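Take a look at this single chain in structure tokens; it is the form predicted alone.
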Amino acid sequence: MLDIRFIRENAERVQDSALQKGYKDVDIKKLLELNEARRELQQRVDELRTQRNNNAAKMKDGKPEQSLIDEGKQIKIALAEREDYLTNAEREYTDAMNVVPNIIFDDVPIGGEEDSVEIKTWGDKRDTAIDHLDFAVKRDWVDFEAGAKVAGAKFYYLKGDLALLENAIYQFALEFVVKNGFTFMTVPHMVSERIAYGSGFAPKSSTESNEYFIDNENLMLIGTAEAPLTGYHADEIIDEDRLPLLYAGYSPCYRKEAGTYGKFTRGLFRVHQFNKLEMYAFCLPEQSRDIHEKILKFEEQIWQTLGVPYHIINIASGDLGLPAAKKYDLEYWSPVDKKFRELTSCSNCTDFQARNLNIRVRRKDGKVEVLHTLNGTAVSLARSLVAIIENYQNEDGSLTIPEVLRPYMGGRERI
């Protein structure tokens, strides 16, 4: 969440940024009124608690006068009433704060998905290819029918060489991020509601919720390792000289894919479960812009090494989501669809997630402040398979293995 003092001092900016992100129900004026009402109630509750304590102290020695007893009863009634009001005010205020999105950077394009700006292209585009699903099914590499039988639509089995290729991509990417200073971590596949909301996974509305919640449990299946990685340092103060901290989290990801009507959903591109290697950074506020560019460069290096053509886009405000101040997407060239399709992303969430989860830095002079967090996809493996199948298939029906992956595939050049 944002700092309420920042919101108070920059109310118009925060309101404009929320609207630019598409959060039309956010009302900063009402939020500030709720905060003021909450503060006044808290002050009155504190006064009544002091009166209660003073009254109790007067009645300690000997038999108290009836007036003190009556006064104590009236204070108790008034305090209980004001505490109920305060509880409700706190709830209203917290609910209003939780839907205020992070403010956007000045260089973020304003508008919806179509207003995102291309800033770079790389690689030679091939002209034609067979759809990845048709190509894989013909070779008995993927089985969506069995997945639907076992778990429902958009679940699947990977088989044989395609499953081995997925593992090869993962092994290559893992080796790459570790060599570049990221500490490898496996993570919990579920997080508590506090960690989920603290990481910014509070949906705009229930119909757009993309997360699976466990009934009767305070748990959510993760849609990305970003959530448990954010929560790793919850309620901690990290010394300045330890930052930046770089982590790489590997996990399955579970998503309802709500609100995807009209988006490309064929085959492995948009599924309910997939594996992903996520890069994550905790850093000083003055480091976050540079680290954002650094994470983007790592994503580019991975896909340049794999030899898949792509472009980079600066994501427009309406497609940023709750926690991000700025986001880049790397989209691969699809020779099947004759367009670029999303493959990886990286976001600078500034102090938004860290404030939610009370993650701070202790400066060398002893000052304590909220730090910044960033995340970026190393490889999202289902989509990585789509990109490689479309860009490395051969007319004879074989698939050339990108050279960098061959050591992880027993040295084979084709499958």
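It should be emphasised that the depicted structure is a prediction, and the values quoted were computed from it without experimental measurement. Heads up: residue numbers just count along the shown sequence, starting at 1.
The form predicted in complex with the RNA is left out here; the points below concern that form.
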| property | result |
| --- | --- |
| Triplet Gln42, Lys60 and Arg360 all within 4.5 Å of the RNA in the model of the complex via a heavy atom | yes |
| The single option of Arg126, Arg194, Lys73, Arg266 touching the RNA in the model of the complex, heavy atom within 4.5 Å | Lys73 |
| Stretch in contact, per heavy atom within 4.5 angstroms of the RNA in the model of the complex, of 378-386, 364-372, 23-31, 342-350 | 364-372 |
| Residue contact check: Ala37 to the RNA in the model of the complex, 4.5 Å heavy atom | no |
| Interface membership of Val178, the RNA in the model of the complex, 4.5 Å heavy atom rule | no |
| Touches the RNA in the model of the complex: Ile237 (any heavy atom, 4.5 Å) | yes |
| Contacts with the RNA in the model of the complex - residues in 24-59 whose heavy atoms fall within 4.5 Å | Arg38, Arg39, Gln42, Gln43, Asp46, Arg49, Thr50, Arg52, Asn53, Asn55, Ala56, Met59 |
